[in-house]
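Quick setup: one chain, the form predicted alone, written in structure tokens, and binding and motion questions come after.
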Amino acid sequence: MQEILNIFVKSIFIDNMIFAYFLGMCSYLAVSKTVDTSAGLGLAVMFVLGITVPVDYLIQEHLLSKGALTWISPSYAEVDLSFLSFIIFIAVIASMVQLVEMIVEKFAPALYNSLGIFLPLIAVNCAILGGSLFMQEREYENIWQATSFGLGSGLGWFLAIVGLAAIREKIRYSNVPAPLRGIGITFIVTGLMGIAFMSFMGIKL
């Protein structure tokens, strides 16, 4: 249980998808203009990461990795389908994003319209695929660790985009020099937030 909690906290603050690996920066910068829209996209990303990482873990462990098919027959002990992991992970992500898009359109049409093209583009958000690939690389021992990592990564991305959106809303009332208005000051704020999150690297888990 402690290891699961460690993975969860570490994935939020220390291994944050935005500030540690710069994954998902396109939608992070483009959608973070208002808190409401950012929160909607952040929740969608958190949901997709929380679902796809454990699903991809099960596929990896029981279908793709070498010897995973022994539950079918011992003669498949040498079969290694790991070369298919990349395309399988993408297929799972696309399916989950389609599900999220249908749910948001049905129950929150205003949010669906405000997110626009960026909602279906979650399918190509590198933070989503990065979560599954990091899960594969780190070789988590069970599905609970993989789920903890997926949810923590999603929550970290959510906090990052909502935090930036809140700052950008306040900046509108500030006297920002003309050359830095818009994306310029956003890049500066993002860098400062990244430096702030680096302080969490001192936490020993």
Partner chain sequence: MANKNLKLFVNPLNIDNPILVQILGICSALAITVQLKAAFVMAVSVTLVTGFANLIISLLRNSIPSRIRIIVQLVVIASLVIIVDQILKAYVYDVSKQLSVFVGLIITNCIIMGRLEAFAMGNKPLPSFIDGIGNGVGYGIILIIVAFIRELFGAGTIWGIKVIPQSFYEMGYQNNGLIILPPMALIIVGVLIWVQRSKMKELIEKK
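Whichever C-alpha set is largest while still superposing within 1.5 Å between the two forms counts as the rigid core. Because the structure is a prediction, the values reported are computed rather than measured. Positions refer to the first chain, counted from 1.
Separately, the form predicted together with the partner chain exists; it is not shown, and the next lines address it.
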Residue stretch of 156-164, 37-45, 51-59, 174-182 approaching the partner chain in the predicted bound form, non-hydrogen atom distance within 4.5 Å: 174-182
Whether C26 contacts the partner chain in the predicted bound form should be assessed with a 4.5 Å heavy atom distance threshold; does it? yes
When the contact criterion is heavy atoms within 4.5 Å, does V9 count as touching the partner chain in the predicted bound form? no
Look up in the predicted bound form whether C126 has a non-hydrogen atom within 4.5 angstroms of the partner chain, and give yes or no. yes
Please determine whether F86 contacts the partner chain in the predicted bound form, using a 4.5 Å cut-off between heavy atoms. yes
Looking in the predicted bound form, is the partner chain within 4.5 angstroms of a heavy atom from every one of G67, P74 and A77? no
Using a 4.5 Å cut-off on any heavy atom, which residues of 129-147 would contact the partner chain in the predicted bound form? L129, G130, L133, F134, E137
For A30, is the C-alpha shift between the shown form and the other one 2 Å or more after core superposition? no
Core-superposed comparison between the shown form and the other one, V176 Cα displacement 2 Å or beyond: yes
